[in-house]
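Before any questions on binding or motion, here is one chain by itself as structure tokens, the form predicted on its own.
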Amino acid sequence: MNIFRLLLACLLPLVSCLSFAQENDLNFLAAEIAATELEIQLLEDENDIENLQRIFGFYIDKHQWTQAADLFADDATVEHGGEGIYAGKSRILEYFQRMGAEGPQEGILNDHMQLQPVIHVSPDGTAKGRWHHFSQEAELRVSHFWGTGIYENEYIKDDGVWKISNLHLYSTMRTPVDDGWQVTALPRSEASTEFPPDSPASVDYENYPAVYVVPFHYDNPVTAPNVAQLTVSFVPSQTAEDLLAELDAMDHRLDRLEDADHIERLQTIYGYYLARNQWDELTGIFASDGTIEIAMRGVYRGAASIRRNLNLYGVQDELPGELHNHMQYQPVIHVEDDGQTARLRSRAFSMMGSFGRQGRFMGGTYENIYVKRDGQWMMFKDQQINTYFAGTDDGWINLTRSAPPGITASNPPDEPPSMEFEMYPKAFLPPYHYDNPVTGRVEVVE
């Protein structure tokens, strides 16, 4: 985005000195400004689409079928694996509802992660996106699976709001956790006879161990670059004052785009520090009056307490033989219009253990707050809600009900936990900091 910032810096003095300029000069500058405005709009659209798809994933996790279906255009389609095509919003909702009861269900794990987006937005109000799908699915005492796939989706902007117009998930691998993909590779799903699709599957392919490359909606960006020609319209005969107002508005929008970029980067850096027990560095990305609250251990407030909290997870700097990987992904970011506060919902997937002794993994959700102080973004509230802890040998199939780690008496928090929750196999929906981006519907968490 620096190129847009540079362009604005060049245009501003030109416009400022054109109060009495010729109309042709103002029209030329208006055209340049309109072209830049369109590029900024496309960046905003890309951010909105990424949020949309990631929010879809969070809704699917908790069987929020109605909320998920509301993200689709009225004439949208859904196609999963070999199950065929379901067309229209009502059919899509019914398709989702046949996967289980509405809302979080005890004994059901259904994490569907939306990863690795490649988004291309067209100025005509349509877009395409490729995503990696990674699922962790379990039914207590019955089954548990790993799954992967590729989405090739289409989106449409309807009355200024982005919606999903075509969701196509190509499954690539599915395997029981007990066996792993080196032993058992399940075939792709097939069309239901009880709830037949509106159209058959659009593509015939097989899951791993077969090889199928999901078609890309884009060409290689280096060897076959697609340089789109943007059609730009502008209002002729604008005054210099009008153009200055447009430049000011564009500068504000660029600020918010850059803010969102900073927040995502900060959360990613947090994960790298956490993964290697770099507690001093991790403490340094917090505001001096910030808080950390993980696994219902309570609220630790202020830099000294945050640093003390981190001792609960190991000594400073990771030791040989200890694994502490903490991956951060699927961020949904909203920056306040004043650019001083932002909120993020994202996922965590942790791989932890000691060589020769134990291995386990954890899934969880962050609902964090960030603040900008003296022009610098920093973490203000770090809150992680654990979904599960599971052993690498046992997976989720026989997990017994257990509480999060909770308060440690020898290293107590400054305040009690701000939220109580239970982990899988119990069902819990961490509150959202946002409403449905299409309908504005508020999710009530009981």
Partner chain sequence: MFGNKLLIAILPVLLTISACSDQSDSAANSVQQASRNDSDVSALQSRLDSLRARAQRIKDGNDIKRLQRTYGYYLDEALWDELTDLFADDATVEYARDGLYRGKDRIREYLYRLGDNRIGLEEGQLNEHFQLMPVITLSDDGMSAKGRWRAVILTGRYQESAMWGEGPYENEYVKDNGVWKISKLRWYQTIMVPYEGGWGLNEDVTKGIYVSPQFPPDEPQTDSFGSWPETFLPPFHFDNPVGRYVHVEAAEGEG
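Residue numbers count along the first chain shown, from 1. Computed from a prediction, not measured in an experiment: that's the story for all the values here.
Omitted from view is the form predicted in complex with the partner chain, to which the following refers.
- The closest non-hydrogen atom of T392 lies within 4.5 Å of the partner chain in the predicted bound form.
- By the criterion of a heavy atom within 4.5 Å, R141 is excluded from the residues contacting the partner chain in the predicted bound form.
- Remark: R130 counts among the residues lining the partner chain in the predicted bound form, judged by a heavy atom distance of 4.5 Å or less.
- In the predicted bound form, at least one heavy atom of W377 sits within 4.5 Å of a heavy atom of the partner chain.
- Look at 71 to 79, 218 to 226, 158 to 166, 335 to 343: in the predicted bound form, residues with non-hydrogen atoms within 4.5 angstroms of the partner chain sit in 218 to 226.
- Proximity to the partner chain in the predicted bound form, defined as a heavy atom within 4.5 Å, singles out one entry of E258, E367, E154, E137, which is E258.
- With the partner omitted here, the residue from A87, A240, A201, V299 that has a non-hydrogen atom within 4.5 angstroms of the partner chain in the predicted bound form is A240.
- Contact annotation for 354 to 377: residues with any non-hydrogen atom within 4.5 angstroms of the partner chain in the predicted bound form are S354, F355, G356, R357, Q358, G359, R360, F361, Q376, W377, listed in sequence order.
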